[in-house]
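The chain that follows stands alone, in the form predicted on its own, written as structure tokens.
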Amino acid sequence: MIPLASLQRTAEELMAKAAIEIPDDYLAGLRRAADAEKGELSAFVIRAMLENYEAAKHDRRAMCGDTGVPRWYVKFGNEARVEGGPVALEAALRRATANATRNVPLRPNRVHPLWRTDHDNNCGIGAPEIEYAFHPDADWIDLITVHKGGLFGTDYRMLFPADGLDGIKRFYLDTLIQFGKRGLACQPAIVGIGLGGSKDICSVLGKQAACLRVVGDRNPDPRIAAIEEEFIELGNAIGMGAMGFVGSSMVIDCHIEVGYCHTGGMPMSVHMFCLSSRRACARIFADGTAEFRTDPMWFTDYMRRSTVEWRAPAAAAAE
């Protein structure tokens, strides 16, 4: 039985880590972009951001004044049990969000869409979002917090099978250009693409691809992995760099996730994570101990569920 106090304590620590500490994988990618950037102003912005990250970590302050909209991803091991059950866990995550808003501090960004009222703690109706997943043969719980900007950096389009890969490329490039020209994203960034599913699942896949995979990770399907590599080059060839200045560093990485869709369509969503790429993760074990990491390890074979059973065909055939 995982103690509720351990979960809330870990959740509050994760909130601080996400706001203050840049994940190592993204930091390494940003340093490579700074070295390769051809645009003078773009290179200056990237170097300034790297210096800002170091100062934020040293001073234990959020690295960006806009700390986005905190959200949670929770992965339950199939044998995991929580003191008080899932309802108590959700309440603990809401308390952790409210406490972190005050103590880190985070900017209280959440307001009612109509009345613009708020509780000054990033909690309210439907906030923070909490998404759940599961894992077989495990008694732990993974907590992942992501602080993603809540205004722009997302687009969706219903493509059709005849559009093919060329149509996917066109929408991808159109979106990046619009994001850069109109200031709708903070780049360079990790780009996530969702392909397939229904409209809502397509958007979920794209956001998870941007926020829950690390720089350098490739899709296990080698054909999709090759498209990811191509899209990194395409995105950095449009002439835009950091924060929309002229340059060559729009994209730190590109991740694509797919889901089976209706035979007549090909839904596509494009998401850009924040330049700060704020995420933090921990695995809490049955005795209440926590193991912190920066790789969410969200997209497992089980999560992608490519067959009727959770195992991939190759793994099942090998047994």
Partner chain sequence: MSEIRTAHLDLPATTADLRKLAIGAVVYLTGRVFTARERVYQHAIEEGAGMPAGKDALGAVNFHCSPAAAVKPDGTYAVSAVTATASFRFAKWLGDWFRISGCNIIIGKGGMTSELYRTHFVPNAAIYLTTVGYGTGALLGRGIRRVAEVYWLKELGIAQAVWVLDVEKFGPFIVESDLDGNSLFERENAKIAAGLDRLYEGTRPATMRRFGETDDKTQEVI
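Numbering follows the first chain given and starts at 1. The structure displayed is predicted, hence computed values, not measured ones.
As for the form predicted together with its partner chain, it is not shown, yet the points below apply to it.
Shown without its partner, this chain lists 86, 220, 124, 105 as candidates; in the predicted complex, only 105 has a non-hydrogen atom within 4.5 angstroms of its partner chain. Of the residues given (261, 69, 56, 284), 56 alone sits with a heavy atom within 4.5 Å of its partner chain in the predicted complex.
In plain terms, the part of the chain that comes close to its partner chain in the predicted complex, with a heavy atom within 4.5 Å, is 183-191 out of 125-133, 183-191, 88-96, 73-81.
Under a 4.5 angstroms non-hydrogen atom cutoff, its partner chain in the predicted complex lacks residue 269 among its neighbouring residues. Although the partner is absent here, residue 158 sits close enough that one of its heavy atoms falls within 4.5 Å of its partner chain in the predicted complex. Using a 4.5 Å cutoff between non-hydrogen atoms, residue 240 counts as a contact of its partner chain in the predicted complex. In the predicted complex, its partner chain stays beyond 4.5 Å of every heavy atom belonging to residue 137.
Not one of 25, 31 and 34 places a heavy atom within 4.5 Å of its partner chain in the predicted complex.
Contacts of stretch 242-273 with its partner chain in the predicted complex, defined by any heavy atom lying within 4.5 Å, are made by 243, 244, 245, 246, listed in sequence order. A change of 3 Å or more separates the two forms for residue 46 and residue 182: their C-alpha atoms lie closer together in the predicted complex. Relative to this form, the distance between the C-alpha atoms of residue 183 and residue 28 is reduced by at least 3 angstroms in the predicted complex.
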